[in-house]
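What follows is a single chain, given as structure tokens, in the form predicted alone.
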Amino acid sequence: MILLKKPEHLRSFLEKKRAEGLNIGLVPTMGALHPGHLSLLEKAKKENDIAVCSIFVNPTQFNDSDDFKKYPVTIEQDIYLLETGGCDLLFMPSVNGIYPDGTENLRHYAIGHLETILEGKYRPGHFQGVCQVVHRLLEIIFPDKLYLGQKDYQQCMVIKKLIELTGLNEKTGCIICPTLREHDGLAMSSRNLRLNEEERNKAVLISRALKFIKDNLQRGNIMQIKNDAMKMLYQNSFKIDYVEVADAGTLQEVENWDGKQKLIALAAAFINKVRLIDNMIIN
């Protein structure tokens, strides 16, 4: 595995490989890697000649500075996992490498209602930061395929919108891969590393609340089933940002279901100071 830190070195290396007719797959991460990330790498390796993974904890997508400071960093373990997983190239830029002109006055992206609902509502500015870093990575790497995990469902939609807005959809395909879960159903997440044993055991209730919705949803008014799922979390001392049932294509809230509309259940909740998100496609 090759490790590069400077954008110009990475761009030069990949331009030569591209001239040889090789295609490139990118798995962008913020480190603290887990099997979910490695499943993206595995798919990128199968579908491309060169699998690139980036590790960069992006400061512009954290609306909570304390959350940014506490984001888990496990670089040595990450490098080991990527090497053993067959990653061809690891890109680990500095903040200056990604934002050479600083992090002020960055481009604003017209991503519409996606930044006003759900994650956008509770983390103002978050998706602008996501767009800023992903756009920069795409400009540096120009991958043929970009691999993302479904656990960040709304973020996947935002990045697809970004690729469309910037015209990069003519170059880069966006591949959404299924959420990987622990044996008890907890969605794999880097933030799980911040949970103690008691919190970890409680965290699985988020996925169970979503599965409760999936297993019990019936056509007609669905507000009661959503409220029952929220109650499961409230009764176990979660602080809930949202538990929502939405159209799988637009993320607009659904109150009455015709039994055919494609839905997704989504949740975001705190266990003490750790915020976890999850989602589950209903049908």
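Treat the numbers as computed from the prediction; the structure is a model and nothing was measured. The first residue of the sequence shown is number 1, and the count goes up from there.
There is also a form predicted together with pantoate; it is not shown, and the following applies to it.
- None of the heavy atoms of Asp144 is located within 4.5 Å of pantoate in the predicted complex.
- Among heavy atoms of Asn58, some come within 4.5 Å of pantoate in the predicted complex.
- Not displayed here, pantoate is kept clear of Ile213 by more than 4.5 Å at the level of heavy atoms in the predicted complex.
- Under a 4.5 angstroms non-hydrogen atom cutoff, pantoate in the predicted complex has Thr29 among its neighbouring residues.
- In terms of contact with pantoate in the predicted complex, the residue from Leu118, Val133, Cys87, Val158 that brings a heavy atom within 4.5 Å is Val133.
- With the partner left out here, pantoate still marks one of 219-227, 58-66, 234-242, 43-51 in the predicted complex; by a 4.5 Å heavy atom cut-off that stretch is 58-66.
- Applying a 4.5 Å heavy atom cutoff to pantoate in the predicted complex picks out no residue from 74-94.
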